[in-house]
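In structure tokens, the next block holds one chain alone, the form predicted alone.
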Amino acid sequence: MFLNCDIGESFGAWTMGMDEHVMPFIDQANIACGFHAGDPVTMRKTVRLAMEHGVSLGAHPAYPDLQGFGRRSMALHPEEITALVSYQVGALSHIAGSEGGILSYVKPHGALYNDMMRNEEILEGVLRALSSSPHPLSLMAMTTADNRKLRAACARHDIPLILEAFADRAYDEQGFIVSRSRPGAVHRSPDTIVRQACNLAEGLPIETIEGTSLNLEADTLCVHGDNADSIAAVRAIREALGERV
């Protein structure tokens, strides 16, 4: 099981996250591309840091919502979705190439990610951006209780799919992560986070916010590294799951 982290989210003089501390424990870096967080200098710095640790490079594109950290939905046409994803992926891909690296996947951020999972037109807009890339890209997308439509959409565009689950987020009975606006949506206890990570990695059921059992298939687990407690949780998950491959 791989571990991935949303990273490179500092902007100008504002610092976000503890990238240097989390990078040694993860396999995949979802690098902000400037629309919700990050800037060109941060993007380059994060690419270099990931490559130093042998971590795969992924683009983390978002709605153009810097003030709202990309967590607010926007009413955009699917063609606009394709263009804004292509724009962000292209920028990071060029920076990666200038450092001798290559972008391997795309994981949309925040509201764009959630909207993509519930709106097929938005998903199609994202997939068109990936399929028009000059080099192959995979889509990292949220696993749910039923991934058939997601798999079919990726297959139509010949896009490899990476299914992602969250170690520190609560799930509902449909296999969707619970909105941050609801109490209990984010797990805070390191023990709870590690236990959920291990269950997901071993194919065991997790408990939903409604108190029922849920089985999810996953290729990678998202972890967060924005404070000392989260870094400790990431370290514990890495130790529980074994060394990086």
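In this text, all values refer to a predicted model and were calculated from it rather than measured experimentally. Heads up: residue numbers just count along the shown sequence, starting at 1.
Keep in mind that the form predicted together with another copy of the chain is missing from the display, and what follows is about it.
Checked against another copy of the chain in the predicted complex, the candidates Val194, Leu200, Ala50, Met43 yield a single residue with a heavy atom inside 4.5 Å, and that residue is Met43. Residue-level contacts in the predicted complex: of Gln67, Ser179, Thr212, Asn215, one residue has a heavy atom within 4.5 Å of another copy of the chain, and it is Gln67. In the predicted complex, at least one heavy atom of Asp39 sits within 4.5 Å of another copy of the chain.
Residue contact check for Ala145: none of its heavy atoms lie within 4.5 Å of another copy of the chain in the predicted complex. Under a 4.5 angstroms non-hydrogen atom cutoff, another copy of the chain in the predicted complex lacks Ile122 among its neighbouring residues. When another copy of the chain is considered in the predicted complex, Ser86 lines it closely, a heavy atom lying within 4.5 Å.
Against another copy of the chain in the predicted complex, the set Cys33, Arg72 and Gly97 is in full contact: each member has a heavy atom within 4.5 Å.
Of the residues in 1-39, those that come within 4.5 Å of another copy of the chain in the predicted complex through at least one heavy atom are, in sequence order, Glu9, Ser10, Phe11, Gly12, Ala13, Trp14, Thr15, Met16, Cys33, Gly34, Phe35, His36, Ala37, Asp39.
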